[in-house]
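In the form predicted on its own, a lone chain appears below as C-alpha cells.
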Amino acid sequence: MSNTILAIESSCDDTSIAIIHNDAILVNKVASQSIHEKYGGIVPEVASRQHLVNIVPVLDVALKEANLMMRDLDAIAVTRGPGLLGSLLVGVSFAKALALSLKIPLIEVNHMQAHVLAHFIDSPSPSLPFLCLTVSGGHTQIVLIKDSLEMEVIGQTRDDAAGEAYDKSGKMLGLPYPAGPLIDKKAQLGKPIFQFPEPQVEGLDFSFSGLKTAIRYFLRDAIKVNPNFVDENLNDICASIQDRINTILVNKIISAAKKTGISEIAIAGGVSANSGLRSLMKSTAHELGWNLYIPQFQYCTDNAAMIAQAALFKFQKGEFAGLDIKPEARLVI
C-alpha cells in the first residue's frame, strides 16, 4: 500500500518538515534559529515565536522540493514530546490543523524514539534486538530496542546530559553557544593532556554534574597561576574535555553490551555527530566485535526525517492519534 507522510519536528529550536513516501525520505528541511547565540542558550519563549515564523515557509519549501500537493498526503506526523512545551505546542497545533483540514490521520511521535529509529532511514540498519546510545543536549540514554516500537531505557543520566556538559564546559571557556561543535573542532587540533575524573555511578546510569564542577575548579586554579592559561591551551583543554565525556559514554555502552550480550550497537542524537565519539565508538566496535551503526549527520541533530520514519512504523500498524492530543514536555519512552 502506497503511503505519503508529512512529518513536523519542533521540539526545541529547529523547525523541520520532512516527507516520506513508502520507505524513502523525499525531503528533509530544517530551519535553525541563530538568535539564541547572543543569549548563550535557548530561550523557550523566543524559540516558540520563531517556530511560528518558520513553519509555513518550511512547509512550502518541502512540498515544492518533493513535487507534491497537500492532497497527495496520506497522514500527518508530529513530535508530541519531549521538548520545550511552547515549541511543541506550535508543531502539534499546526499538525492537528493540517490533519483536520485534509481529513487524514494524525500520528504522534516520541522524539527520543525517533532518534533511535533514524537508523532505519538508510541501509544497513541494525538487527533486532540492538542497543542505542542516545546522546543530545537534553538526554543521555542507553535504550534496548526489542521491536520498532518496543523500547526500554536501561540507563540514563541522573543530572546533566552529555550535550549539556559540552555546552556548559564551552561557556566556561568563553566559547559561544552552542559550544559542542566548537569543542569538537578545537579538540581535533589538540591532545587530551589534562586529566578529568570519571564519575563513579553504579549500573548503566550516567552523571555529568561532577565532571562539570571538576572542570570549573581546574580552570579556576590554572588561571590563578597563569591568567592566559585558557587562551594558550584551548585546543588541549577542549581535547581533554571531549576525551573524558566520550570515554564516560563509551564505557557505559560497553557495560550495557556485556550485561545484555548484544553486539548490535548504535548511537543517535545530536552528540553522535561528534567526531571524537564516532572515532572512539568505531575503534571500540572493532576491538569488541560489534556491528556498529551511525546515522548520517543530517539525521543526528533534530530533524523531521526521523519523525517521518517513526511515523511510518505507526502508520503500518494503524496507530493513529486523536485530535485531542496535547504536547508533553517530559514524555518518556
Ligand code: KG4
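Please read these numbers as outputs of a predicted model, since none were measured by experiment. In case it trips you up, residue 1 is the first one in the sequence shown, and so on.
This next part talks about the form predicted in complex with the named molecule, which is not shown.
A.B. asks: Only one of 219-227, 180-188, 124-132, 144-152 gets a heavy atom within 4.5 Å of the named molecule in the predicted bound form; which is it?
C.D. replies: That would be stretch 180-188.
A.B. asks: With the cut-off set at 4.5 Å between non-hydrogen atoms, does residue 270 touch the named molecule in the predicted bound form?
C.D. replies: Close contact exists here: in the predicted bound form, residue 270 approaches the named molecule to within 4.5 Å, heavy atoms only.
A.B. asks: Taking any heavy atom pair closer than or equal to 4.5 Å as contact, tell me whether residue 274 reaches the named molecule in the predicted bound form.
C.D. replies: Output for residue 274 is yes: heavy atoms within 4.5 Å of the named molecule.
A.B. asks: Answer for residue 167 alone: is it within 4.5 Å of the named molecule in the predicted bound form, judged on heavy atom distances?
C.D. replies: Looking in the predicted bound form, residue contacts with the named molecule include residue 167, since a heavy atom lies within 4.5 Å.
A.B. asks: With heavy atoms only and a cut-off of 4.5 Å, decide whether residue 284 touches the named molecule in the predicted bound form.
C.D. replies: It does not: once the named molecule is placed as it appears in the predicted bound form, residue 284 has no heavy atom within 4.5 Å of it.
A.B. asks: Just to make sure I understand: among 134-164, which residues lie within 4.5 Å of the named molecule in the predicted bound form, judging by heavy atoms?
C.D. replies: Result: 136, 137, 138, 163, 164.
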